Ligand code: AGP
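The form predicted alone is given below as one chain in structure tokens.
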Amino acid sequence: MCGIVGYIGEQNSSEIIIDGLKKLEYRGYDSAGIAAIVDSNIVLQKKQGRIVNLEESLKNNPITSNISIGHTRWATHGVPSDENSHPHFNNDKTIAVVHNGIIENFAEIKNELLELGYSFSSETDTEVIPLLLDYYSKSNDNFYEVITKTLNKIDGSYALGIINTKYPDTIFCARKDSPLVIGKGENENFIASDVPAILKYTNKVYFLDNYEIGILTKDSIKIYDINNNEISKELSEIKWSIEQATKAGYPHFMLKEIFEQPESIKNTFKHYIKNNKVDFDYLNIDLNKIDSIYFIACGTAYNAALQGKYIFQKLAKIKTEVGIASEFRYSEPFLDEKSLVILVSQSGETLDTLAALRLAKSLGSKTLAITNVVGSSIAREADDVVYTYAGPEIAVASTKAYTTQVAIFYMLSLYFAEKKNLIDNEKYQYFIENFYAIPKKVQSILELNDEIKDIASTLLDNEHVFFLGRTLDYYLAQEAALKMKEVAYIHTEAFPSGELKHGTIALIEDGVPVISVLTQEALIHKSVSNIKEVKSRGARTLSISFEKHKDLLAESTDLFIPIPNIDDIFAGFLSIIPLQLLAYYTSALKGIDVDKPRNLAKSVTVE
């Protein structure tokens, strides 16, 4: 949530800021702004709405400067407006600040500053920061010390970019619990919330850790801890290219990322399977000391973790629970040194998941991160990390990150089962063979793109859509319902098919679409009966199942989407694909901005 970009160098910074902010649109935002130092003064422009509004303003009133900070805001304190947009500044406009995060004690600080004679021009929590910097600067000429004093005063989360007219050739930055990277260039340096913002200009970055402060000129980068100790950090090289983070001819990132899944799944399997064996030997996990596993995640990652629980218990025979990260810390979880806590986050920056990680570590549990972003906070703080190889995912609605997370869970469970001597070689190799087969089967489903688009056109006028499934299929139904909510703005609910008669069936009326996932062979006839129950009450039924079940479903199903035949334990990799396409096309046909659904952000870095 929120996006920060900063530049200092020899180029016109405003063009670089706008370009970087556009690369961060996926994080979600409702306004955008820029502050630059021009002739020893700070010049600001900020506009509610899309970045194009700021861009048009800059065309009419250009800013020419070699040092700027920019921001896209996702509102937390104060409504979306020009006044509440970032950057924010002190009363005499000599200090400007961009901020991602929440200052939890801002009301108390604001009252103190009002008593000292300071005035406020916004409703935001952020504005206390430049005013505190101003206040502490009156008694201290060392701006680094001013920053540390300010950081010690505020409670909450922050990623900060700061400019000060007293230091016209320097950008200051700091972070706690909100992501921030420093990009190293030639005669220029950058700060950003995420790598895509600056990847066009450099692939060499430093990932800031909590309570670290960066001081950048065009020729130097120095990083300190909050106690004034200079830190020597490893310079990371980003392996993926800016081309991978572009639409490449697709109308939306979401559609591109759906179609990238055969390759991303293949790459993820390929990275961890060597000589027909799953290889996680680098992990420092002693299974003899683990008696329970907890998956902790939010949103789509939570739905992926439900599949993780299913396969871990089936193969590895370990008691496994799945927890929503935002609830986990407050539920007095039974964690100890015999627990393995698996934290799942595409960005590796989800604040609730990060907080759950820290709780687990404080209770002595072993922690394992599953993430798509190298160098992210969760990856760095967990005891071990397994990366998905989805490549950059830009659309807010996650697709390929989800399927690659599921791929990791299947490989990990197989690896654990082997280490515990729970699987013979024949069955082990059967799993490996199916892993290799999945990408091609996914590709074959994508060839149904036009048919699925036609089906989506029948959903446009519906206010409600219901999804049904049993066991593994129910977990898929939950993810499908979330996707449709996220991008098509249709009220959806997913229900276990067997629960219909316990209240849910009261919601079924003429014309209501009911979408069923039926891939679990032992339950197929029970699931067909459930479809007949809703159809007899007027529902329009759509079923997703194996090609071989088309005739079985003919009587109960109005519309049918086939998936290739596969052992039902692997069916989740396939059945989710048409459901993703269905959500995408329903959104696109309604004229919604698919990649940037309202009120949502790609990386949720506030509680």
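The shown structure was predicted, so the numbers you read here are calculated from the model rather than taken from an experiment. From 1 onward, residues are counted along the sequence shown.
There is another form of the same protein, the form predicted together with the ligand; it is not shown, and what comes next is about it.
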property	result
Any non-hydrogen atom of residue 195 within 4.5 angstroms of the ligand in the predicted bound form	no
Non-hydrogen atom contact residue 333 with the ligand in the predicted bound form at 4.5 angstroms	no
Proximity of residue 486 to the ligand in the predicted bound form, heavy atoms at 4.5 Å	yes
The ligand contact at residue 345 in the predicted bound form, heavy atom, 4.5 Å	yes
In the predicted bound form, the one of 238, 318, 482, 423 near the ligand [non-hydrogen atom within 4.5 angstroms]	482
Proximity to the ligand in the predicted bound form, single hit among 478, 300, 520, 264 (heavy atom within 4.5 Å)	300
Among 491 to 499, 161 to 169, 391 to 399, 102 to 110, the region lying within 4.5 Å of the ligand in the predicted bound form by heavy atom distance	391 to 399
